[in-house]
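Single chain ahead, by itself, as structure tokens, in the form predicted on its own.
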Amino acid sequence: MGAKKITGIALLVVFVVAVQIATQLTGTSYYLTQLTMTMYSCLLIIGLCLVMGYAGQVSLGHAGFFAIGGYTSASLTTTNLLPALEGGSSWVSMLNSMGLLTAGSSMFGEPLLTVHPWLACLLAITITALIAFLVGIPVLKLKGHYLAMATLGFGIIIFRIVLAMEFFGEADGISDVPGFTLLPGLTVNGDIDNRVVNYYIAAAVLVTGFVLLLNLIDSRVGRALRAIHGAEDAADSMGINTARYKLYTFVISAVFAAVAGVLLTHYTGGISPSDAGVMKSVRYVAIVAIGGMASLWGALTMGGILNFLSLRGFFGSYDDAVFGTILIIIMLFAPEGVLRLTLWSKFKRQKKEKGS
């Protein structure tokens, strides 16, 4: 990683710390709740930016991958396995003897035996990656609006599954999801007393993912992805295995979405079918487009701003309509993203030409 990127990451870390200190000094620490949720959403967004901006694939199903991760972890950490253990289940007994189950109690004081959050997280990521791999093999052979429609169909399928299945709580979703203890003293949950710790946990996860993607796009793989985005047929003729690169990129992006889904679910203590809705996917695509499809920094910046405003209720009941309108406007007038200042540059150039 070059000095310029290291400086950028350092400034990002300084900004994160400065925001936390500012909220503490101004008595607005309650903002940290929305900021933490925003950072988990940004983790999905930068992963989607990799697919759209570098592999040139439009995905309208990433809310589905988010839901797979979140629902898998939520269901495993809330399903009581104590009756199965008492019934002599060999699988449950084996998991319990290996320390992969955790004992607790429900809000009504009933004893619970559930899958440990670490195991649930690993299973959620693995399942998401496997589904993305299986879906990506046929779907990524499509291009343009055909690919967009196919991924949209996938997202709708996931939405209908979680909405219809009793195991996933149907329309009510899953609640009372326990906290995720990463290390002693570091637990992902929504406790007010743990607000600052959770803010920095989310920031650490986001910055780590961001650095990994920056390194990836600067590597040989990144150069291959840019070649595929620029001219897929030409890249294929030069010996680049375009199908494999697109598939692996799609899987990596899905894993980022799954991690975001797992951590945000444990932070908020629940997940609902709305998290897998089509408009969620449209919102993610809109944010990537606004920031610039080939700009991780742009996607991160606009994702942070727009998600925070949305969570604070700035757009009110018109939230989805605002994001849909923004997407249309960006695609029509600034396809390279707002932060590229394409329109402003053209305006200044035209004004200069007229003046001369």
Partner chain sequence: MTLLKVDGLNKHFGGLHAVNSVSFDVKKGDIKAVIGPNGAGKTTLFNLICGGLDADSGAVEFDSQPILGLKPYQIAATGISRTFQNIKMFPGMTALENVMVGLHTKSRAGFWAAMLHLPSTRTEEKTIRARAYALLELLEIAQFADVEASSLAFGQQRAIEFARALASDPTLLLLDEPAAGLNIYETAEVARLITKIQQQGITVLLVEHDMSLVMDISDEIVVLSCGQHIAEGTPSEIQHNEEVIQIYLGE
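Since this is a predicted model, take the numbers as computed values, not measurements. Numbering follows the first chain given and starts at 1.
As for the form predicted together with the partner chain, it is not shown, yet the points below apply to it.
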| item | value |
| --- | --- |
| Heavy atom within 4.5 Å of the partner chain in the predicted bound form - the one residue of 89, 237, 106, 175 that qualifies | 237 |
| Contact stretch among 156 to 164, 265 to 273, 212 to 220, 177 to 185 - heavy atom within 4.5 Å of the partner chain in the predicted bound form | 212 to 220 |
| Residues 99, 118 and 121 all lining the partner chain in the predicted bound form, heavy atom within 4.5 Å | no |
| Contact flag, residue 226 vs the partner chain in the predicted bound form, heavy atom cut 4.5 Å | yes |
| 4.5 Å heavy atom contact, residue 281 and the partner chain in the predicted bound form | no |
| Contact flag, residue 149 vs the partner chain in the predicted bound form, heavy atom cut 4.5 Å | no |
| Proximity of residue 249 to the partner chain in the predicted bound form, heavy atoms at 4.5 Å | yes |
